[in-house]
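In the form predicted on its own, a lone chain appears below as structure tokens.
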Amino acid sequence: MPSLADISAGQSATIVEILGEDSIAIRLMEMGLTEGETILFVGSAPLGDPIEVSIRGYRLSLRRAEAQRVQIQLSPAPSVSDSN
């Protein structure tokens, strides 16, 4: 299953699971990364770490190591007919 660290800028996905039960997993959930939420990958720093995502109307910066713990399901790309 892909993780949040595996997608590219502009792609959106639905959070399936946060791996682990430690303080980092809890902190990710406290920041709003919960199952079923839609998340948009905004971009990343020039060297690829950290990444920036948009969720619940705000933006978060996450280290790639943290993003790898967020299991996602990619959202289908909008089709041309969706924009009309």
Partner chain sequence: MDSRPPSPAPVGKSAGITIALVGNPNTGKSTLFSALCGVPARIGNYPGVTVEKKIGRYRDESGAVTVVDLPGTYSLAARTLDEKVSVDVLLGRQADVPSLEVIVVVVDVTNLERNLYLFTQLRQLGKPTLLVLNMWDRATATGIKVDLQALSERLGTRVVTASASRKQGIGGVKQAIRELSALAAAEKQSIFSAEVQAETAAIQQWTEQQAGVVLAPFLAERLLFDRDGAHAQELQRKPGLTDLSNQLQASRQRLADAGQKIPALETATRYSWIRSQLDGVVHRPAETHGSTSDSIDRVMTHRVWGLIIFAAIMFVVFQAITWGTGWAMDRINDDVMPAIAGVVESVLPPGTLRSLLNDGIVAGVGSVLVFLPQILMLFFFIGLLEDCGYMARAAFVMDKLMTKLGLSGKSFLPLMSSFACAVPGIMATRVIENRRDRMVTILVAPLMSCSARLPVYILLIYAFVPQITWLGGWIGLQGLVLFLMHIVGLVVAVPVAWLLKRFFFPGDVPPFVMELPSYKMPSPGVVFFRVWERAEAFITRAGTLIFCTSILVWAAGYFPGDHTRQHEIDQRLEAMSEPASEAEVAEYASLLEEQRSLSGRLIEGSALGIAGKAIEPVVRPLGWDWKIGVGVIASFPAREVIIATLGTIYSLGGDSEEASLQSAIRESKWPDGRPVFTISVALSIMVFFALCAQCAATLMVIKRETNSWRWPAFTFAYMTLLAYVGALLTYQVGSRLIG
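Everything quoted here is computed from the prediction, not taken from an experiment. Positions refer to the first chain, counted from 1.
As for the form predicted in complex with its partner chain, it is not shown, yet the points below apply to it.
- At the 4.5 Å threshold, heavy atoms of Leu60 reach its partner chain in the predicted complex.
- Heavy atoms of Ala9 never reach within 4.5 Å of its partner chain in the predicted complex, leaving it off the interface.
- Proximity of Ile24 to its partner chain in the predicted complex: non-hydrogen atoms within 4.5 Å are present.
- Heavy atoms of Leu28 reach within 4.5 Å of its partner chain in the predicted complex, making it an interface residue.
- In the predicted complex, the residues of 46-62 lying within 4.5 Å of its partner chain by at least one heavy atom are, in order, Pro46, Leu47, Asp49, Pro50, Ile51, Glu52, Arg56, Gly57, Tyr58, Arg59, Leu60, Ser61, Leu62.
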